[in-house]
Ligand SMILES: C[S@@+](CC[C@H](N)C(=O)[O-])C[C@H]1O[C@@H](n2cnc3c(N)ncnc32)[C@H](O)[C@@H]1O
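One chain follows as structure tokens, the form predicted alone.
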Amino acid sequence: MSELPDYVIKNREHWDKHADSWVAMGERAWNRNPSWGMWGVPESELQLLPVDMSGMDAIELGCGTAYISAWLIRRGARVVGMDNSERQLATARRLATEHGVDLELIHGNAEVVPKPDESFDFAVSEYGVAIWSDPFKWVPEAHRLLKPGGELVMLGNHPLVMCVQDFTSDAPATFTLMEPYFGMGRIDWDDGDDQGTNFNMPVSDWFKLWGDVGFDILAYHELQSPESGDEVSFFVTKDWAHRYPSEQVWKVRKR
């Protein structure tokens, strides 16, 4: 087995450390109808998932507690979930047992998935490999895994919000540009209590990568909080995210 990249090891430590704090959220999400991102945008509005997934094979890349995998199973899919954190997967296994669903779970780096070429009809990542893995590695890997015509949905941080954060603290996003937009790529952060590595890039670079790898873009969404206010969700206030996009969604199809 090849040596894991340093950021994979660092991010694994981060998620194993904080796995307990995501248990309650995972339990709630397993029991709710699909809604997306930190603002809970309804699936009925975004329409990211096939309505009927009967007979489809699907994979969640960076599944965490695997609540999205559960949504796919309820629509009829056979699902594989893969995650970098064994402690997150422990919660996923328990919830799968409690809900009586058949879910294959793999512990590992989702930039290198131990499945054959063209194994899946559908792939999804909400804040999994979407932000924690190198897109120049995981996007080609997702393309390899999908059958021709297979779809991929990715939801993660909007690149704009990465320009207005102080990566040495846990303070919410500001209204002042602090980091360059052009040249964005690997983002190593350390707030004094914890550290990790995220990845992002300008929207135009995402467009180029999808096309270069062999995906056609079906939809692009910039998500907005439903209302303004001082309430903080993760790293942005409602007021910030009502004025500017804090999250982006790509829906693409393999040629």
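The numbering used is simple: start at 1 and walk along the sequence shown. Remember, it's a predicted structure, so these values are computed and weren't measured experimentally.
The same protein has a further form, the form predicted in complex with the ligand, not shown here; the description that follows concerns it.
Quick one: from 154, 79, 142, 82, grab the residue that has a heavy atom within 4.5 Å of the ligand in the predicted bound form. Contact residue from the list: 82.
Using a 4.5 Å heavy atom cut-off, which residue among 181, 136, 167, 127 comes into contact with the ligand in the predicted bound form? Of the candidates 181, 136, 167, 127, 127 is the one lying within 4.5 Å of the ligand in the predicted bound form.
Does the ligand come within 4.5 Å of a heavy atom in each of 8, 60 and 67 in the predicted bound form? Verified in the predicted bound form; spot residues all in contact, yes.
To test your reading of this chain, name the stretch in 173 to 181, 146 to 154, 94 to 102, 107 to 115 whose heavy atoms come within 4.5 Å of the ligand in the predicted bound form. Result of the contact check: 107 to 115.
Heavy atom of residue 235 within 4.5 Å of the ligand in the predicted bound form: Residue 235 lies outside the contact set for the ligand.
Since only the chain is shown here, I'm wondering whether residue 25 would be in contact with the ligand in the predicted bound form (any heavy atom pair within 4.5 Å). Yes, residue 25 is a contact residue.
Although the partner isn't part of this model, could you tell me whether residue 15 comes within 4.5 Å of the ligand in the predicted bound form, counting any heavy atom of the residue? Output for residue 15 is yes: heavy atoms within 4.5 Å of the ligand.
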